[in-house]
Every structure is written in structure tokens, then in C-alpha cells.
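Only one chain is given next, in C-alpha cells, and it is the form predicted on its own.
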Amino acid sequence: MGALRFELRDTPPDAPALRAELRAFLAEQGRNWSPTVRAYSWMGFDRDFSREVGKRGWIGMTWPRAYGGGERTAMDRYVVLEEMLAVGAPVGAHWIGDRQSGPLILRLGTEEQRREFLPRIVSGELAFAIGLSEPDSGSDLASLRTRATKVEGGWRIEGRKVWTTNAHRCDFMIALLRTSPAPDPRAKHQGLSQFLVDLRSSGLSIRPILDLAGEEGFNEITFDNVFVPDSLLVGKEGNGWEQATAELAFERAGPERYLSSLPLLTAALDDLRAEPAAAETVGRLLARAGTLRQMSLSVAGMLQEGKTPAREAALVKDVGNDYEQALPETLRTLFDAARTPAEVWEMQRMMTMVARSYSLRGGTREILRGIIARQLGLR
């Protein structure tokens, strides 16, 4: 039987100075952000904002200076993420590139790929999407059928990807594709590879999907004989499953897995201070956030040490999603129609709709609990 380990960690001693700098920057940048913008949090997409973040060195913070990075610690980066999420900053134009696509290229990409893509991610110029789920392969990702066939000088792609956040606004995606048949149905994880795909390629079409709030956040992507050169294969051919699952540790354990709803709590605190009956509920919400923060910080520390805490990351996402999904409705029961500001109500309304997706994106609750159960020897 395995164990899940979470060692206590903290942000660096100079974190207060970095927080002060971030808060001044965000106060200036966010003067005109609407409640709807803040409600979408890290799914909100604003290239101009991401470029401003890049100018201050807050993208690719841990990467080598040779590729435009800042060579700072994962804990410094964690401070930046916390402050951005706390105010609902629209970080979507750089979020995926900074969180997982860039680290994957840094770890497994060729030197040519690193020099081509990483500096442009750091500057906020290049936006990435995730190319994993398919119409018939979501939770059972290894059953994916989008195929890359070897041709002279590269590969031809046929198939579809779906639920791809902000794909219609992004420049590239890292797609997991089948490059050879699985040897048998029980080994369908074999024969998969990852590719950098230009989302403006000939033969590639993107169809936005309206979400519950009426926004075009998700997309379906169709590949019709799309050519990708050999130079855009990431890592080793056939090693895509191992690469993609390692990448998911970056996706699942960050503070966005429990702080997506925090802007609502932050915005509501002044109002709730006037209501003594709310004190116990707000205290419990803040206490849970503190516990989740320690778990998330622990995983950030493990990633900084070069470990792959996939199971711990799955637990952070599972319990974090429970928290951030419940928060909008919990706060609604504390609000007063006559007292609570209209902008707080508007944010609560939007988050109630958006929160439905929290336990789907990055792996469903059922899949995560299966991963955790295997680690604990329960299945």
C-alpha cells in the first residue's frame, strides 16, 4: 500500500515585498474589470494583460534565463499565482503556456523548440491550448483516436479534439495523438505521441462551444489532413502517455484548483463583516482554504525538486474542486438582497454557472478518486 505525502512548506521570506508589488500592479490593471471578468478567473483571456505580466518577469519565472526565464523558485511563482487568482485576473492568454506547455518543452523539447517557443511564452506573446480530450475519449483518455500518420518530412493528422479551452484565441496546442496502433486493448496507452500544433494550420478548423453562461470558452477542433513537421514532435515518439500524465501534475496541483471562486469571497468580505451570523461560516471557508493551500504548496515544492507527485496532485484537485464549487452557493445563503452590493451578486451568479466545470476540467472527480485509490491500495 502506498502513501500520500504532504510536507509543510511556506513561501519565501521575501514574499511580502513581491505581494506588495503584485497588489499595486493588479489594482492598477484591474480598475475596469467587471464582475464577469473576475468570475472567469484563470479562464479569462486578455493578451494585453498577459503582455504586461510578461514585462514584469512573472511568466516563466522558474525557467533558465537563456530562454527568457527568471530562474526564481517555484514558491516565488506560487505567490504570483495566489495574488492573480485572489482578484480574478484574466490570465488565460499565458496560463497554460506558463503552467504546463512551457515546462514540458523545457523538459523534453529539442533545443530548437526551446529557443523558438519559450521566450515568446515568457513575453506573453504566445498562447497555448491543451489537446487531450476527444468526443469519445474524455475520462478514458488512452482510447483517443485522433491519428498522426508518418509522411515525408512530418506527419498528417486526422481526427477531433473537444472541450479545448480558448483554442479559438490561442496560437499553438500540444496535442496527444495516436502514432501507432496499440498492441492489444489492454495496452492502449502505448503508441501515443505529443506534437506542437499551429492552430492556424491549413486543414484545421475550430468551432466554439457555448457554455452555460453563454460564453465561447470551450471548442471543438477538427483535423483534416493537417501537416505537422518532424521538428514539432515533443519528446519521444510513442512516449506520449508518460509525458502527458507527468504534465497533468502541473495542471492539477496549482492554487487554481481551489482558488477559482476566491474573488467572490474577497469581494464579499466587507459586506459579510456586517453580519455576525456569517462569522462561523466564513471562518470555516477560510480555514479550509488554509488547509488546501498547505497541500498545494507541498506539491509545488515537490515539483520544484523534480518529483512527479501525480497522486498528491489528484487529491489536491479533488478536494479543492469540492471547495471552490461549493463556495458560491454557500456565500449566497449569507447574502442579503438589500445589503449585498449588486456587483457581488453578479459575480456570484456567474460563478454559480462557471463552477459546474471545475470538477470536469483537468480530470473528472471519478478518475481522480481512482488514481488516489490505487495509490492507497484500495483498488
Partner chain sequence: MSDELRSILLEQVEKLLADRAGPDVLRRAEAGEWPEALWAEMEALGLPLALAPEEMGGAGLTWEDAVAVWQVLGRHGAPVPLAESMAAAGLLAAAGIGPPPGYLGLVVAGEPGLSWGRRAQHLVAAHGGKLVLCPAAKAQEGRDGFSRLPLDVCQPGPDSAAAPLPPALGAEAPLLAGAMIQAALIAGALEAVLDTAVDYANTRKQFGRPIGGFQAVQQLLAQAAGEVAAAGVAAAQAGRAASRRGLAAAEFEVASAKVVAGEAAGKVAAIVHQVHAAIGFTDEHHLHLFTRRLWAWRDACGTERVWAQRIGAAALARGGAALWPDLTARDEAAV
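Residue numbers count along the first chain shown, from 1. It should be emphasised that the depicted structure is a prediction, and the values quoted were computed from it without experimental measurement.
Not pictured, yet referred to below: the form predicted together with its partner chain.
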Tell me the stretch among 189 to 197, 276 to 284, 112 to 120, 88 to 96 that has any heavy atom within 4.5 angstroms of its partner chain in the predicted bound form.
276 to 284
Taking 82, 294 and 315 as the candidate spot, are all three within 4.5 angstroms of its partner chain in the predicted bound form by heavy atoms?
yes
4.5 Å heavy atom contact, residue 185 to its partner chain in the predicted bound form:
no
Contact flag, residue 266 vs its partner chain in the predicted bound form, heavy atom cut 4.5 Å
yes
Indicate whether residue 289 is a 4.5 Å heavy atom neighbour of its partner chain in the predicted bound form.
yes
Though only this chain appears here, would residue 19 touch its partner chain in the predicted bound form if you measure heavy atom gaps against 4.5 Å?
yes
Relative to its partner chain in the predicted bound form, which residues of 9 to 27 have a heavy atom no more than 4.5 Å away?
9, 10, 11, 15, 16, 19, 23
